[in-house]
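In the form predicted alone, a lone chain appears below as structure tokens.
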Amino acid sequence: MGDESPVTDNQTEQSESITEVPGEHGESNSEESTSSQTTLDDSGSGISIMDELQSESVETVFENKDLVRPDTIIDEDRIVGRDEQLKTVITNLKPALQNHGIPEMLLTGPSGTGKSLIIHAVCKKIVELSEAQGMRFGVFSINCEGPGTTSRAVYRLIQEATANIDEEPGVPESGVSTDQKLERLWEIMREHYDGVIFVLDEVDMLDGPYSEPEYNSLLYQLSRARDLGRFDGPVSVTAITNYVDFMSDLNSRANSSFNPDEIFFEDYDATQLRHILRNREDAFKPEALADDVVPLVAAFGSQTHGDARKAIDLLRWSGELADKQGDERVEESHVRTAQDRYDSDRKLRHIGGLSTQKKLCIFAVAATDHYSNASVDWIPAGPSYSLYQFVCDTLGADSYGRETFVNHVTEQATYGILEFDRRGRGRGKGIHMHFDLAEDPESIMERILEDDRFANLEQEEEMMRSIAKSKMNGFLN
């Protein structure tokens, strides 16, 4: 985002002259330039895009890179330190093979502790065994951070339901009611499946634009499918969240219908992380990992509260760094460099995982800083709150009071996103809350705008700039 300079005629001519290859007598040879376009690197030498794309692939340290992607569904013999949880999930889902009812489940615990891994590994086996028995068992899994509303979440489930069958969704993503989408979902289930499990990952992120979180409605509707006669076969909901007190936040309707078996996943310790990583060493070519790489990655992983997902990511990033540097072996230096880069991006990743309301608050502060162009080190809460109200109105989201806004913003100081302080404006002008962002405001805005719920804000850039400048000037003067 930010100001874009208009392209002048002179700039256009300069841009075109780079891609035109002069002919023998000085005329432009456009045909030749199309087939062999070049661009200039930092040293001024020409690089042929086509030649680079068609060149032989460089050597890599990886043998099977998918094994070090956290979302890969791995074989059960690679699962470490989760015997109790694995056995409970198996016991709960096993009755589906006899076409019997299966209980709902709530998997809780910190990030990267195997919650998604376990449920998807077991569901994969249930699907395979069901097919061998001539049964059709569907696993409809979505991440709830993206959809934002029950209506969009139901549409994602319809997409999951039709992904592996010769069937169209049958309803548009927008323009029809949630009830119509649900009816279409039940219809697909009745016609194509004998049993279904809904997996709602990061369910607490389905908070929606209103004061009542959207996950209440979704859990209520899905968990009542069998009771209301929508589907006759085994049907169950598994919700996954990092929030251990999730059930206490459900409203009475959702609480009465969604009664899960709660399964807690604790942090991995350093020894377990080493075993997890050792079980994925065959992602790399033989001799491509130095002996000290896995212990070092596990040590870094244990410092981030035993998050296996981050440890696996770090191992993959280290290999990718070795590839970029043309090295045939992953060394300790690659791990340390990859960890340093991870630390620098950690704050922005945290922002990407915030609830909608907290994103709205942080976005407003960053946008006020970015668009006001004020020569100040600290951003006052007043102008930021005015922009927050505009953003909420634009997106159709509830606008909370100024105190709640300030609380949401100052909470992020715990994660190093910003600092806050109460500062005076001078004699007789009172004391006001101010914020100082630790990251570039434009980077924060771009990260939040990756959430499709905020897409409409890109069309309001001029209005946000006008509000930020007006409110900041009014405050300062």
Ligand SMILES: Nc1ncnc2c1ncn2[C@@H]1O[C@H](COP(=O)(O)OP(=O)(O)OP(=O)(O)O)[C@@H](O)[C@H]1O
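Numbering starts at 1 and runs along the sequence shown. All figures in this text were calculated on a predicted structure; none of them were measured in a lab.
Keep in mind that the form predicted in complex with the named molecule is not shown, yet the notes after this line are about it.
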Mind telling me which stretch in 400-408, 103-111, 132-140, 183-191 gets its heavy atoms within 4.5 Å of the named molecule in the predicted bound form?
103-111
Can you pick the one in 339, 151, 242, 223 that has a heavy atom within 4.5 Å of the named molecule in the predicted bound form?
242
Answer key, the named molecule contact in the predicted bound form at 4.5 Å (heavy atoms) among 82, 230, 370, 359: the residue is 82
Residue 117: touches the named molecule in the predicted bound form, heavy atom cutoff 4.5 angstroms
yes
Given that the named molecule is not shown alongside this chain, does residue 201 nevertheless sit within 4.5 Å of it in the predicted bound form, heavy atom to heavy atom?
yes
How about residue 274 - does it come within 4.5 Å of the named molecule in the predicted bound form, if we only consider non-hydrogen atoms?
no
Whether residue 74 contacts the named molecule in the predicted bound form should be assessed with a 4.5 Å heavy atom distance threshold; does it?
yes
Near the named molecule in the predicted bound form, with a heavy atom at 4.5 Å or closer, the residues from 435-472 are none
